[in-house]
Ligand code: FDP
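What follows is one chain in structure tokens, specifically the form predicted alone.
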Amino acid sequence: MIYDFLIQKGSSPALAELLVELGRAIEEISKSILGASTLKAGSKNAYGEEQIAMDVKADEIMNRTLSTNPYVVTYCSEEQDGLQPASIDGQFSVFHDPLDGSSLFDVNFSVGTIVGIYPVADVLGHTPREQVAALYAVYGPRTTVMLSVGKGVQEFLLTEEGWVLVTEEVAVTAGKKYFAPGNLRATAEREDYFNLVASFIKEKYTLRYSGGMVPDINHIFKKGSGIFMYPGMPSAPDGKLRLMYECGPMAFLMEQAGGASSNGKSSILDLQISSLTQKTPVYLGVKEEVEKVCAAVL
């Protein structure tokens, strides 16, 4: 059923089959989370960040799925160091954050998985606009997926019978004013960001910030309105969010839903990929809100 729907949306058979397999991996992660330990794994990822046991488990599930898929030529996880080879006859390179927001895991907040798919083996010199598909999964009271193959954004729900389409055209346009101000520490170093956050408060925007990119972006998609912000600052000019594993896929989805993305100067989708560890400031949400933010952050 999902395969046929993806074909109708213009997906190639190979891409549709890959996405169906990723759906199975997400289902396995969802089931693994239910009784997972919140303890540290005793290891660190490629960026020196301490891993929890579920980081390692989610990474293993995703990498097992991608390494054996005949349509994947290379793949890379945020938890690993460098591209991994898969099928020499593969068509797609896949980048994923297997457990986004894992620092929230021990307090039982929602976490997620983020995936971006490119039609080339070597993405260096290319841009996130060239993604052929992007998705994220939310592991909350329910497990849901937001997905785009370049023809809008669709939402799927994991049920006992499998994945079910629940929203065919997710739209981010306008409505109630929500804001998710990431990296509030930057207000101590940047007066412009301090003033921007203060203006949202004075204008009676509703705060919706969990500390996890997946649940905060999902709130924008579900409400059809809002703005997510994660700026850089003098001590960390590019912020901490990574282009390949977080910002690129989320920007693809946001623009497909009618919203906007920016690093403060241009669309995230137009940034040239110079490194697999590349970071970028990021603003995502309703077009008018993103424009407002970009005018305010100097």
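One rule holds for the numbers: they count along the sequence shown, beginning at 1. Fair warning: this is a prediction, and the values are worked out from it, not measured in the lab.
In what follows, reference is made to the form predicted in complex with this ligand, a form of this protein that is not presented.
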Of the options 139, 136, 228, 95, which one has a non-hydrogen atom that comes within 4.5 Å of this ligand in the predicted complex? 228
Partner-free chain; cross-checking this ligand in the predicted complex, the single residue of 196, 213, 180, 123 with a heavy atom within 4.5 Å is 213
Using a 4.5 Å heavy atom cut-off, are 11, 115 and 156 all in contact with this ligand in the predicted complex? no
Exercise: residue 204 in contact with this ligand in the predicted complex, heavy atom 4.5 Å: no
Using heavy atoms and a 4.5 Å limit, would one call residue 87 a contact residue for this ligand in the predicted complex? no
Even though the partner isn't displayed, in the predicted complex is residue 167 close enough to this ligand, meaning a heavy atom within 4.5 Å? no
Classify residue 109 as contacting or not contacting this ligand in the predicted complex by the rule of any non-hydrogen atom within 4.5 angstroms, answering yes or no. no
Looking at heavy atoms inside 4.5 Å, which stretch does this ligand contact in the predicted complex, given the options 235 to 243, 58 to 66, 259 to 267, 23 to 31? 235 to 243
So which bits of 86 to 103 sit within 4.5 Å of this ligand in the predicted complex, heavy atoms only? 100, 101, 102, 103
